[in-house]
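In the form predicted on its own, a lone chain appears below as structure tokens.
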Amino acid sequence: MPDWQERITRETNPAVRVEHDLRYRLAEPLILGARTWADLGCGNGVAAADVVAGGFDGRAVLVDVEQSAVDAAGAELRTGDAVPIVADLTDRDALARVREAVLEGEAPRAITCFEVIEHLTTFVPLVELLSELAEAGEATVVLSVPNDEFWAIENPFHQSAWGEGSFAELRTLLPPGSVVARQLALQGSAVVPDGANGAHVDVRVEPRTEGAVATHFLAAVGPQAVELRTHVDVAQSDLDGQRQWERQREADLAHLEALHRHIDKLQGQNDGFRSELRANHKEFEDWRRYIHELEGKLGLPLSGT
């Protein structure tokens, strides 16, 4: 049973959190080096706040379709010059407001647009705006889309599905010279002696090796796009929490299967009741005709009329 979580919180599964956080780590030098930063689809602002960590003193344009998300992101970031905008990024008038808010800020400008495009009923107006700003040198843009094609599971919150082919088509809408990156899933383990402090480790990744399937595709365009570097982050697994989640999932599935079996049984009984009712109805109609015939012969009024 997929656990769809489109709004990241501090209670989100660590594996999902680190995947989400890493995209902001990728854009960190662009964000911290900007005087104006726009986060499109800012959500609750959890990952962005961890990257900024109080170190961004420029203009932060926070855009989301829900007021509650924009408010939460503003509270998380705690930056002095926050510009909250509630906007439908498929609407050209709303996009014009976003454009104006970005260009009113000083250069250099950075725009992050992570896991937004797949939620839009039409993404062309947004991509056109981002391409325009990047090609004119007004802003550096970093965006991402998920690799839905690999998982082959339909996400009920996504308006479009993405894969290698569709991402290649998206790149044709971007200005020349876009920098492309692929986000990869990692597996590992650690050995920690008792009494040892936490440690940071180096991880070697081979993005183009056989079997290196991307979980997400990313593209950067604009004057500082070439500054992007490889980033790796891992999260310690909560095995107890994972086991509890898996057992709860198994219990939920078992309950649903039992419920379906019960419904099928009731349906079968219902079909039997219907057949019996139809047979009884036919027998009743036969008796009714017979009684009416007798009543007619005896000159009596017909019963049941």
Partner chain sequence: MKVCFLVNDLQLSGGVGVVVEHARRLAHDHGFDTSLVLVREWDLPSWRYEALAEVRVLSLQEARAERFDVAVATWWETTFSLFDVPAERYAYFVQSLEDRFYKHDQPERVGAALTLDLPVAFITEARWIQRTLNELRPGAPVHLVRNGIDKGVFGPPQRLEPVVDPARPLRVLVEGHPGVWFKGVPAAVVSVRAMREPHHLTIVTGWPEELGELAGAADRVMSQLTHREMAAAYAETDVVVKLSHVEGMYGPPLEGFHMGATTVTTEVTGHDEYVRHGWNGLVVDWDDVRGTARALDLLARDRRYLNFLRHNALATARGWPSWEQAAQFMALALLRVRRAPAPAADAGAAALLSDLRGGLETYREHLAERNDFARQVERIERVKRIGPVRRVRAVWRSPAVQRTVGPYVLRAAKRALGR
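Take the two forms, superpose them, and find the largest set of C-alpha atoms that agree within 1.5 Å; that set is the rigid core. Since the model is a prediction, treat every value here as computed from it, not as a measurement. Residue numbers count along the first chain shown, from 1.
Only in words, not in the display: the form predicted together with the partner chain, which the text now covers.
In the model of the complex, the partner chain lies within 4.5 Å of some heavy atom of Gly165. Within 4.5 Å of any heavy atom of the partner chain in the model of the complex lies no heavy atom of Ser189. By the criterion of a heavy atom within 4.5 Å, Thr122 is counted among the residues contacting the partner chain in the model of the complex. The partner chain in the model of the complex comes within 4.5 Å of no heavy atom belonging to Pro84.
For the options Gly198, Pro176, Pro193, Pro156, the one in contact with the partner chain in the model of the complex, meaning a heavy atom within 4.5 Å, is Pro176. Of the listed positions (Glu206, Asp88, Glu106, Glu149), a single one reaches within 4.5 angstroms of the partner chain by any non-hydrogen atom in the model of the complex, namely Glu149. Partner contact region in the model of the complex: 123-131, out of 223-231, 123-131, 71-79, 95-103, criterion any non-hydrogen atom within 4.5 Å of the partner chain. Remark: with the core as the superposition reference, the CA shift of Glu257 between this form and the one not shown reaches 2 Å or more.
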